[in-house]
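Just the one chain here, the form predicted on its own, laid out as structure tokens.
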Amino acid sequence: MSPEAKTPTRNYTEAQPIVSIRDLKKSFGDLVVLDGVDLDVEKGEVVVILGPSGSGKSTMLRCVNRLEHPTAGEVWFEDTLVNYSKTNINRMREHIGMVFQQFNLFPHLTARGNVALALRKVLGKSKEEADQIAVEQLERVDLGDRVDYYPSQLSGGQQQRVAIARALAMDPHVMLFDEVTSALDPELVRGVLDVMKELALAGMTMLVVTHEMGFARDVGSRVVFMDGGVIVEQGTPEEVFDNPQNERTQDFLGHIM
């Protein structure tokens, strides 16, 4: 039964997965990118998604907040069926923070202005309250001394931390990170990963697509390996890194570690 043909209800409690993906499929024309993905994410988990380029990692992540609309299957966020035609997607996205590879900051706004904008435009907060929250979140990502700097005055790593602060300012229930360090120079990666590690320690639920194996091993609650549009293996970091069961996982890790 398609999502449009059913009543999208789920009696969500915190004992249930905060994100549930069921038989998720996504095609672009004849190209099958996701071919039946099932995944549950528990509240407070850090699920790290690994796999070669083209394996469907980012597409799956983008289906969680409907930046991509699934071809088939279901994506649940709390009690909301994400891919239901009548779902208020903007309201839902207020609770799902997403940080991309590209920073997508407004060049004419300061760090404070970039973080405060959605608080004012989406949540309707006053300028004073939005600015206060923006400063608090920028301090949280160790940019308290850069609140009045413009993006052009910030390094790539600092710009990415502004993007994280912008997502955090909306008080999300889940954070999605899509290859957030891949566009950074190596010396700038550590600062961004440190911020993500602090979020994990604070109990933030996170889905992280990354090639940072150290982060996956040290911070992940669970590691998911994807290839060919499906999940081929998942488990604790120790299980996946130290004793991978699937040949494709073994081959992938053998080439990068």
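Residue numbers here begin at 1 and follow the sequence given. Given the structure is predicted, the values throughout are model-derived calculations rather than measurements.
Omitted here: the form predicted in complex with a small molecule. The next part is about that form.
The small molecule is not drawn, but in the predicted complex it has no heavy atom within 4.5 Å of residue 190.
Although the partner is absent from this view, residue 56 contacts the small molecule in the predicted complex, with a non-hydrogen atom inside 4.5 angstroms.
The closest non-hydrogen atom of residue 31 lies within 4.5 Å of the small molecule in the predicted complex. None of the heavy atoms of residue 78 is located within 4.5 Å of the small molecule in the predicted complex. Exactly one listed residue, out of 35, 68, 212, 45, brings a non-hydrogen atom to within 4.5 Å of the small molecule in the predicted complex: 68. Residues within 4.5 angstroms of the small molecule in the predicted complex, judged by any non-hydrogen atom, belong to 57 to 65 and to none of the other stretches in 194 to 202, 213 to 221, 37 to 45, 57 to 65.
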